[in-house]
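One chain is shown next in structure tokens, namely the form predicted on its own.
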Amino acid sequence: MTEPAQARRIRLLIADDEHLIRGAMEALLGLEPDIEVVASADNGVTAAELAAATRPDICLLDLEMPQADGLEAAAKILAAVNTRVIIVTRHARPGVLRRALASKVSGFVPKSTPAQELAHVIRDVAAGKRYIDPDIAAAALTAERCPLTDRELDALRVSRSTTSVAQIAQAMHLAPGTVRNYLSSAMMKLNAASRHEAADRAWQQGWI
């Protein structure tokens, strides 16, 4: 009598820049009989490269990572690999969920989620379902709507890592005058005294 074929395991990539947390997730999820951790990374760029190389079923990405955050990494991965992405975050800023859903992320959970519950979420997402933590979803529903245009958001996003309008313009491939107009408009809409204050508020709301 032949033994039944073993069910295919869910191939998982984990990316988190906090080594202790990443190691704990690898160890705990690796104990699940139907989950196999095939790669891990400590930044978004490496996560995208490893996803292309290993082609996992699920990518479990921390939201806040260096080089490319979880949503930036998710966009790169989903454009190149047939996989599904779950975002894990410690600080669920309201607007981030909307950005995540727009980028076709399949799951959004807090880092406080127990490992066994996270394993269930991974199984559901691997089966084609979507999972959004109820508390995060409720906060997103009552959050302030973003009044900024995409280009205004882009200018504020770049301004968080550069020191001059000229550098922002170079990064966005725009004229400095155009960038000043975007920044001035964003400051006015957010009632901010400086572009840095506007960028901080947009970040706190999860818009960038």
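A residue's number is simply how far along the shown sequence it sits, counting from 1. Here the rigid core means the biggest group of C-alpha atoms that line up within 1.5 Å when the two forms are laid on top of each other. Because the structure is a prediction, the values reported are computed rather than measured.
If you look for the form predicted in complex with the DNA, you will not find it shown, but the lines that follow are about it.
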query: Heavy atom contact within 4.5 Å of the DNA in the model of the complex, the stretch among 32-40, 149-157, 58-66, 45-53; finding: 149-157
query: 4.5 Å heavy atom contact, residue 10 to the DNA in the model of the complex; finding: no
query: Close approach of residue 165 to the DNA in the model of the complex, 4.5 Å, heavy atom; finding: yes
query: Contact label in the model of the complex: residue 174 to the DNA, heavy atom within 4.5 Å; finding: yes
query: Contact flag, residue 181 vs the DNA in the model of the complex, heavy atom cut 4.5 Å; finding: yes
query: Interface residues of 107-131 toward the DNA, as seen in the model of the complex [heavy atoms, 4.5 Å]; finding: none
query: Threshold 2 Å Cα movement between the shown form and the other one for residue 20, core superposed; finding: no
